[in-house]
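One chain follows as structure tokens, the form predicted on its own.
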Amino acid sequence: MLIKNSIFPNNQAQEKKIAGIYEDINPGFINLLRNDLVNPKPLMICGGGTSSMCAADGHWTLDLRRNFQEIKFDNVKKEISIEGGVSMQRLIEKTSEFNRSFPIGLSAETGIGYILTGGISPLSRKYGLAIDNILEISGIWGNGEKFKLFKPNEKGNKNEKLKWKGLCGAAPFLAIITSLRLQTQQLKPICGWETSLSSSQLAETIAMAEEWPNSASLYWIWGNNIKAYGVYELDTLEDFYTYQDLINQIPKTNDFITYNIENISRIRKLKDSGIINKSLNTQHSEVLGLLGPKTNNKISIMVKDIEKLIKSRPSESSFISSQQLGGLTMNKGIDSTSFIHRDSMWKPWITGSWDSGDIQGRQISLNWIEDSWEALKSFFPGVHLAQMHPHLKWHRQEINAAFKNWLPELKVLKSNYDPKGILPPL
């Protein structure tokens, strides 16, 4: 069947000729998992529909968005429980009703896949990754067994710790997650700013950001021009003065503006006036996320390398962006979750785009992504699997870069809980 435009927001997913859609997890569906009757594999999972991997030609999609929409807030414990089809927009709207918040990412349109693959937010430096805020996970392993796991403490069972570690950052390879229970944070005022920058000003701003307090965060996009954004969450009046000092010091151009943000879903989205689809055709893209530590004295070299890559990009819809980590994201040990790159200060991502149906343009864009990865891996040796690419030749390379020494144990979990490979491969 041909996906209709109204089903998935992702352009590539819209055009896939899928085998069909499952919308419920009933005994019949579980029987398919247990008896290895889902073919071809892997099964595609849709929680938000923003990923191109929610659909594939000839494959079945499990769409959680219709029947897994329950969301409950515990006003005593200040925790929120969400089912697998709840978007980050609905999550943040519900928490805001109770004057609470959660560190969602730059897009509120994503589903729980944002959380399960790590979850990097402009507030992560202050509150940790989204996976660090999970308290309970329920779902079905790839072998059809149901489970409910609670966040283990230091004295917890070793096997339970391993399962928790696998699900926090690598869940899409192991299980179908039907619900999460999350801790929330007090909703506080957020200030933001944005400005265009030159390449040298970007280098200067990155150097400053690496010394900022945890309440502050930088993100930027480089296409036809460079646009930088900052976020600062305020706890006290003194924080406001610190914020004022910060914005007085950063480089800025005549389009510099500041504003107040109602909640994290209202932050300014990455945009570059040069990134405009001038074609009548639908744009497709692939995205590769990297991870790396402080750039320190290599900032100027790194920025010059990115500048060269931007000059060689295949289209105006191709670009390089970055988001800041650090702070509390570094406080968790690498044994607590599958997000092992706890030394990371930056998550840059490379987006290569092409027109729908342009086979040559697609290959040129994929080559540019690979070339960019090669050029930047000395600065950013890790990979963040917010997007998966089992359909591309460098999937094995990105899996190795994402999980490194943890990968052998993760593969053991995969063989135990998804032995038939119902879900995406490692």
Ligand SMILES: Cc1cc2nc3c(=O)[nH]c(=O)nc-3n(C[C@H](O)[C@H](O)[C@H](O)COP(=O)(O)OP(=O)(O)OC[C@H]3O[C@@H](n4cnc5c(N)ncnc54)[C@H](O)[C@@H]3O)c2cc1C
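Note that residue numbering begins at 1 and tracks the sequence as displayed. Keep in mind the model is a prediction, meaning the values are calculated, not measured.
A second form of this protein, the form predicted together with this ligand, is not displayed here; the remarks below concern that form.
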Exercise. Heavy atom within 4.5 Å of this ligand in the model of the complex: which of Gly142, Gly105, Gly289, Gly223 fits that? Just give me the one.
Key: Gly105
Quiz item: Among the candidate residues Gly230, Gly128, Pro348, Pro172, which is the single one with a non-hydrogen atom no more than 4.5 Å from this ligand in the model of the complex?
Solution: Pro172
Quiz item: Would Leu64 sit within 4.5 Å of this ligand in the model of the complex, counting heavy atoms only?
Solution: yes
Quiz item: Contact between Gly166 and this ligand in the model of the complex at 4.5 Å, heavy atoms?
Solution: no
Quiz prompt | Contact test in the model of the complex: Ala386 vs this ligand, heavy atoms, 4.5 Å | solution = yes
Quiz prompt | 4.5 Å heavy atom contact, Gln397 to this ligand in the model of the complex | solution = no
Exercise. Could you tell me if all three of Ser51, Thr117 and Ile176 have a heavy atom no more than 4.5 Å from this ligand in the model of the complex?
Key: yes
Quiz item: When this ligand is placed as it is in the model of the complex, which of 240-248, 105-113, 308-316, 195-203 ends up with heavy atoms within 4.5 Å of it?
Solution: 105-113
Exercise. Enumerate the residues of 26-47 that have a non-hydrogen atom within 4.5 Å of this ligand in the model of the complex, in sequence order, or give none.
Key: Ile45, Cys46, Gly47
